[in-house]
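Quick heads-up: it's one chain on its own, the form predicted alone, in structure tokens.
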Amino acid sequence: MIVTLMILMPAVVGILCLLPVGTKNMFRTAVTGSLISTAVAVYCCIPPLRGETIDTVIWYVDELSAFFLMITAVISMLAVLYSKDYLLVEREEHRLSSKELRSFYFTLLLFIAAMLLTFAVKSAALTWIGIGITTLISAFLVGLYKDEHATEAAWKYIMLCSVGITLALFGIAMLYTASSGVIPGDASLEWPSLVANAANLNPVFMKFAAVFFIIGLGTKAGLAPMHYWLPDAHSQAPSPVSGLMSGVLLNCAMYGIMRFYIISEVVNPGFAKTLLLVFGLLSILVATAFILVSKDIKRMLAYSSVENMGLISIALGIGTPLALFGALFLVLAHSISKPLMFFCSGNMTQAYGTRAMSEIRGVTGKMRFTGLSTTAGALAVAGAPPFPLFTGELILLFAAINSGMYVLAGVLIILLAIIFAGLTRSIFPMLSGNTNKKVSERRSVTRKISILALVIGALFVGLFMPASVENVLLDMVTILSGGLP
């Protein structure tokens, strides 16, 4: 019951936002509903995080599910909070109408509900359906502004991701075939049953399933060379949506990959790992090249997301307990750091009227809060200490070295150093210098709360590791290693 309520709550709030009750009341409805929805999600996830798995007819929430659900609920709430004043500015400057604002919140909250659904369902088929629904709904958010570039980005996003989702469907079919005669029909695609009977699944069909699953869901996760939709979609969407897509939406596909990875590594040890290593390393190589030449701040941050998905894939590819711990830690770090930087970029691009980094100067002098927050955000996404991406990258490097993958570790060190230099070289000049533009910090409590929460969260995760959090991550490592909770 509580899981059903958690998923229905954002959808119901989204429907309420369609009512013509005035802009202020609509904002209040969206923010209040989002806060209540997050509280319900936290209440739902606390028992699984303590080891009490929710297992019903269609719902399955263990520690791995609860981990992703908690991230989704909290980041989504901050995105809704941040969007309140962001969209008000868009309305005042006549880029969006009141009707479009109502449509935005309706679509955004349905999008959140679809992501929660993806992490909470028991069947691989329902997980696939959830990922497909997130694609269809979020395409409307990408094309919200309805200009030429936004429309093109939305179509590219939906077409490429639809190809990926179709390939993942073939993976589902192969998975079903591999379980035929081993698991009764009603449970043949349920994640717990698949894990429990993994040793008896057909290894040939499971190899085909691995190829289709990883390429298909890897497209949605933004892994190269299937990543082409991601820079366009993230750059054209409103900044709160960009933060949500980068910090949470990509997790939906990575979660599906992780669930399948658990089964595949029992049936065909090393096969899925090899695929993930190849796609992960290729993603980091592509991200490195484009981060160095990007002129648009949001496109550069999008390529940084490609890099982070690549790092998580490499950690799964290494596959040792330390590497799996690093993969989960990188998921958490990226989910905090990237929305922080997208929110900061939203402040800057609205104030300066451009996404071109060369035209944004003197942010710290003109917009003190945004300047200081961007400094923290830039260090966070670049992987500087004491922020959590640095810790996650360090864990990954140690895991590679401990596994004897010295060449991989060396290549990663070089690429991460180049990415760090590229990100800081592009972002920090925006904070200093002078500008002739009339720029000022817009007073907004909701924006500041959202950004400060992410800064504090990033510093907390980077500096402290409570024993309770470490134990949860270790339990999830056991799940990823093929053990049921």
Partner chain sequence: MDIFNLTLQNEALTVIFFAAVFIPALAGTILSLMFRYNKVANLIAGLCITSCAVGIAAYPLRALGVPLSYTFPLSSAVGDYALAIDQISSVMISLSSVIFMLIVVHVVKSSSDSGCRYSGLLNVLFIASFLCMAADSVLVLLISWEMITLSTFLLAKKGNNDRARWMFFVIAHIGGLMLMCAYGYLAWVAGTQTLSDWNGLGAIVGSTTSMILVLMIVMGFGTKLGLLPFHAWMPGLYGTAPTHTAALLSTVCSNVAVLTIFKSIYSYIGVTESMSVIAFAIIGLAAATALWGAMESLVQKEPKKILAYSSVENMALVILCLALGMIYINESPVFAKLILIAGLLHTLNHSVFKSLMLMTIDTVEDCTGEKNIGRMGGLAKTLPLLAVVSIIGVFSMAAIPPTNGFVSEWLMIQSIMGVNLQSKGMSLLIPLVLAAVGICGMMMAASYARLYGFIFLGRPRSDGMREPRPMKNGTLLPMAVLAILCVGMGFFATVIMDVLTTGVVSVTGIAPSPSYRSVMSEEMLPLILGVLIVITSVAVLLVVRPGKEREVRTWGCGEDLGKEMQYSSIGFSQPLVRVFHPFYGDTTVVRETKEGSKKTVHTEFTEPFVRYLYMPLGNAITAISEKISKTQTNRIQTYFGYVLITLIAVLLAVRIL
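Positions refer to the first chain, counted from 1. Only a predicted model underlies this, so the values are computations on that prediction, with no experimental measurement involved.
The discussion below concerns the form predicted in complex with the partner chain, not included here.
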{"property": "Proximity to the partner chain in the model of the complex, single hit among Gly353, Pro321, Pro386, Pro192 (heavy atom within 4.5 Å)", "result": "Pro386"}
{"property": "The single option of Val89, Val182, Ile413, Ala196 touching the partner chain in the model of the complex, heavy atom within 4.5 Å", "result": "Ile413"}
{"property": "Heavy atom contact within 4.5 Å of the partner chain in the model of the complex, the stretch among 335-343, 67-75, 396-404, 241-249", "result": "396-404"}
{"property": "Contact flag, Pro225 vs the partner chain in the model of the complex, heavy atom cut 4.5 Å", "result": "yes"}
{"property": "Contact label in the model of the complex: Lys156 to the partner chain, heavy atom within 4.5 Å", "result": "yes"}
{"property": "Contact flag, Thr56 vs the partner chain in the model of the complex, heavy atom cut 4.5 Å", "result": "no"}
{"property": "The partner chain contact at Thr391 in the model of the complex, heavy atom, 4.5 Å", "result": "yes"}
{"property": "Neighbours of the partner chain in the model of the complex among 317-342 [non-hydrogen atom within 4.5 angstroms]", "result": "Phe325, Phe329"}
